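The chain that follows stands alone, in the form predicted on its own, written as structure tokens.
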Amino acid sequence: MNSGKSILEAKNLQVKRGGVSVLDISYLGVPEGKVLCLIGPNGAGKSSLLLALSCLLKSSQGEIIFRGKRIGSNYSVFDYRRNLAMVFQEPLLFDTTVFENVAAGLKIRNVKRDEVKRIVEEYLERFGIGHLANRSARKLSGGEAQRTSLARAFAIRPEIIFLDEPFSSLDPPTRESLMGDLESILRETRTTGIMATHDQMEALRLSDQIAVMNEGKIMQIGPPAEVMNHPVDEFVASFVGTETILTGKVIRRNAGTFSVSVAGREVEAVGDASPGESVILCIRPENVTVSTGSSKEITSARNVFSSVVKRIIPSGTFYKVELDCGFPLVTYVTNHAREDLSMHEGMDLTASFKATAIHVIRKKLLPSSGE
């Protein structure tokens, strides 16, 4: 799925190691000036895809097309790679000063000395390390080293920048600060970016598109809101934070909605499905509300269930609450809400969620004795 002209395309791209396929991409198009984030579990193929797209990893078959030209055919790998920059999880810096590290790519490209000085100083300031220009790269903190690595990458003004887990080894405050700077520079320069990350929040913040990967394949690609709220299958749903994934059988078709039997309870979802059909219901935790009331009068939601708090798990700025409604249900609450409800494990609560808040994944139609 694309929104705009693709600067980079991969077609039937495969990578094998020891005869085993580690990457199998039928098609990928990266729109110019946009940021694509690759997310997925460890071993999903994110880094392999970055390396293959940047021609640092040889593919077994397929083609990579840059601005309509096939790499290795009517456009050389050398010329292609001069248009790219790569930033790894661990900064790979030369044993020299910060200034010389950032200048390295420009000197290789025979940029004039005065222009090198101007560009290097510009990007040192952009990444907040102008005061470190004469410091040895060996004396930098992790965050300073990664800022230097990013400044060096952007200094050559690449048409595409590849980022492989660039924040994963940094502490939270450093990560947040550097992510903000990267976000600003990507938007200001309109540089096309392809970033591998396991962090959903990073992907949501930086990306125009998200591709969810598993076992070397792209399972779903699209705008962040589409992928997060409309996952194509159970794997994608679980990986993008859909904490509640329920399997049920349609028992009744209503006007604009349908009812599903889940563990003996009836759940109503928006859409059209036939009795006997097996469906998967995906409910994000932020769409589930809890209260101490017991009547349906407390909410306009179609789905209201008595529940028992099974676990309360601290998760940074909120609490993840696991409920038993006859089926498992997960919600998030703030500390303030937890205190207001005097919430504790074992207490009874009323849980509710709207029919419109359910994302339905339809499975094949099953025989129904009712039809």
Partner chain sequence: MDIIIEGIKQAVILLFTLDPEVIGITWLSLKVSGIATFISLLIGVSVGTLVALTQFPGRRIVVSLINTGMGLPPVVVGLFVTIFLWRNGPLGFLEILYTPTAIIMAQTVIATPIVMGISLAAIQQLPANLRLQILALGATRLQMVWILVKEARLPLLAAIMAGFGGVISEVGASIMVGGNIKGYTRVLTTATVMETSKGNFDIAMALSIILLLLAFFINAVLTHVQQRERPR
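Note that this is a predicted model, so its numbers are computed, not measured. Residue numbers count along the first chain shown, from 1.
There is another form of this protein, the form predicted in complex with the partner chain, and it is not shown here; the text below is about that form.
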Residue stretch of 224-232, 179-187, 77-85, 111-119 approaching the partner chain in the predicted complex, non-hydrogen atom distance within 4.5 Å: 77-85
Residue among G293, G72, G130, G142 with a heavy atom within 4.5 Å of the partner chain in the predicted complex: G142
Heavy atom within 4.5 Å of the partner chain in the predicted complex - the one residue of D208, E90, E215, D272 that qualifies: E90
I312 within 4.5 Å of the partner chain in the predicted complex, heavy atoms: no
Partner contact for G248 in the predicted complex: the partner chain, 4.5 angstroms, heavy atom: no
Contact test in the predicted complex: L56 vs the partner chain, heavy atoms, 4.5 Å: yes
4.5 Å heavy atom contact, I283 to the partner chain in the predicted complex: no
Within 94-120, the residues that have a heavy atom no more than 4.5 Å from the partner chain in the predicted complex: F94, D95, A104, G105, I108, R109
